[in-house]
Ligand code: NAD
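Take a look at this one chain, the form predicted alone, written out in structure tokens.
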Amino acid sequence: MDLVTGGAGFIGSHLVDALVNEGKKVKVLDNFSSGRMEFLSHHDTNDNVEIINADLLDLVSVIDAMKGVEFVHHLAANPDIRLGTQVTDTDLKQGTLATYNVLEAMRINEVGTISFASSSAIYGEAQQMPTSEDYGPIVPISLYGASKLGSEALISAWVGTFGIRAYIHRFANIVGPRGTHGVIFDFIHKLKKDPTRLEVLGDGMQEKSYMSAEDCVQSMLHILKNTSDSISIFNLGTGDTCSVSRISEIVVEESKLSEVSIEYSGGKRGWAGDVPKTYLNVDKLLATGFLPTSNSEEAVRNTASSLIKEIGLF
């Protein structure tokens, strides 16, 4: 049986779908602080899916949920990087401490494998573009990135000390249906509030790698089946970038709104801790035989179209 932490969230729910499609029995552990039951409602009558409403900071509950589990997919975390600038222990608790509890529950229950959702945010303002997995020193500039890097360190320590196997996936910006935060989500909500004006934080030159949730989940599962190292670290992305300015144009295009004024707040960052440019080297992923189905701009456009319908812009 597989356990998915954060399985009611954006990426987690897509992973649950993929695991069920492979015939797996899945436990979902989520505290529903950002996850939504509606994302799993199509599994209501599926006996292969068990949903546990619990918090990863409650170690006793995590230990109990881990019983009978053979493989852990750890995706639960604070989904909003900006929140950490306001409540500064958010990422420490929901990221690093939560990861410790997952690992400790695995040790107690003798669960041997973890697949972890890390982030390109760990690289901070990398001097190497595109940035490969062996880049260093790694100096994150956001509390979210620090939390993910701390979690990676704990996981590697568990590999070395307790002999578990680990897969660490350093995500690009993942976008798609069911999204509950992020630049595309924010732009659509801004247009819903004022269909004549779209404010873009920063100068619009921020440039990042984007990957569809479907490609993200499929690449994770592909790696699990095609690598066997004690610890495997992969960048997950599409090998290209898309600017925030271009994203604003795409969202306006997909909204079918006319005469929208796109305005910029100025500065190279959208918020404190925002990395102006991330560009992931995904040669290692592609070498395993995985090919994304869409590039960054296509993933952004497909997401904008989906979220406009979900959010109800019209």
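Since this is a predicted model, take the numbers as computed values, not measurements. Position 1 is the first residue in the sequence shown; the rest follow in order.
Below, we turn to the form predicted in complex with ligand NAD, even though it does not appear here.
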{"item": "Proximity to ligand NAD in the model of the complex, single hit among Ser261, Thr288, Ser33, Asn48 (heavy atom within 4.5 Å)", "value": "Ser33"}
{"item": "Residue among Ser151, Ser119, Ser142, Thr241 with a heavy atom within 4.5 Å of ligand NAD in the model of the complex", "value": "Ser119"}
{"item": "Proximity to ligand NAD in the model of the complex (heavy atom, within 4.5 Å), stretch among 104-112, 197-205, 132-140, 167-175", "value": "167-175"}
{"item": "In the model of the complex, Val300 touching ligand NAD (heavy atom, 4.5 Å)", "value": "no"}
{"item": "Leu15: touches ligand NAD in the model of the complex, heavy atom cutoff 4.5 angstroms", "value": "no"}
{"item": "is_contact(Gly124, ligand NAD) in the model of the complex, heavy atom dist at most 4.5 Å", "value": "no"}
{"item": "Contact label in the model of the complex: Leu56 to ligand NAD, heavy atom within 4.5 Å", "value": "yes"}
{"item": "Residues within 4.5 Å of ligand NAD in the model of the complex, restricted to 175-209 and counted by heavy atom", "value": "Thr180, His181"}
